[in-house]
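The chain below stands alone and is given in structure tokens; this is the form predicted on its own.
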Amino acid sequence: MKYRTLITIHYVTRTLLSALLLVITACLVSTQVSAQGAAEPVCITCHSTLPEKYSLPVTLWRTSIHAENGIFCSGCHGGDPQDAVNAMSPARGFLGAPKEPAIPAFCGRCHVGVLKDYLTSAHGRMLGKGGPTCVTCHGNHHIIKASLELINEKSCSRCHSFDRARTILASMQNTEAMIVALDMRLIAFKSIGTDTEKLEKELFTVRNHFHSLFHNVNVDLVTKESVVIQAELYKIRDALVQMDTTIWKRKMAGAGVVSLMLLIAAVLHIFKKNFKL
């Protein structure tokens, strides 16, 4: 009896120890994964603790569209974001900060289409001659999301009058409003199970065409292209109206069928009641 008791205690103890070990292991793994997920690149960690001259880029970056999309220092400057010793080693691909004439090409490694649009614009043709670069309007570390809000009197009048830009802005605002409205309607249709893939692709293509005008400062060209783009948007709008009409007809047909079925049920109920009488 005593022997059996000892055996039981042994197995119970071993089971408890095994369970405790599993719990401890799970906690350690969870902590490690959590730490890795929350860990920031060494560039951020190091620069955040330095004097303002060196920590300011981090402060600016934290409120940028790059930070919002998970693009860290190494995404632009290269280097090894996980190795403090070799973070700024050219052997690990560190590029540092570009000189002013090289800024567009530096940003254009990711923004290929935008670089092409910029270089063919009046702004791009002034590159290296005192003209604006990407950071002039978008900022360097506090990268501002591309939008029509960047075309404003305060920014543009730093180099020239706002007259031409004002005309361009007015033309593009109308197009932007149409794109936003159509996008919202497509989302609404999609939410009720309507197949919108074809129209989504068409709107995506038109939006890209529209975005190619963002760096163009030729008033006549922007006005002309805006008319072309709006014509394409009207086609998408008409297709959505047609879809709306089709859905409405189906709903009316369904309501008609339901009403007919209810009428038949009512007639049968009355007939059955009268027949019993």
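The structure displayed is predicted, hence computed values, not measured ones. Residues carry their position along the shown sequence, with the first being 1.
Missing here is the form predicted together with ligand HEC; even so, the following discussion is about that form.
Exactly one listed residue, out of Ile247, Ala239, Val217, Val228, brings a non-hydrogen atom to within 4.5 Å of ligand HEC in the model of the complex: Val217.
Although the partner is absent from this view, Tyr118 contacts ligand HEC in the model of the complex, with a non-hydrogen atom inside 4.5 angstroms. Using a 4.5 angstroms limit between non-hydrogen atoms, Lys201 is distant from ligand HEC in the model of the complex. Ligand HEC in the model of the complex is approached by Arg164, whose closest heavy atom lies within 4.5 angstroms of it. Heavy atoms of Ile192 never reach within 4.5 Å of ligand HEC in the model of the complex, leaving it off the interface. Of all the residues from 73-98, those having a non-hydrogen atom no more than 4.5 Å from ligand HEC in the model of the complex are Cys73, Ser74, Gly75, Cys76, His77, Gly78, Gly79, Asp80, Pro81, Ala84, Ala87, Met88, Phe94, Gly96, Ala97, Pro98.
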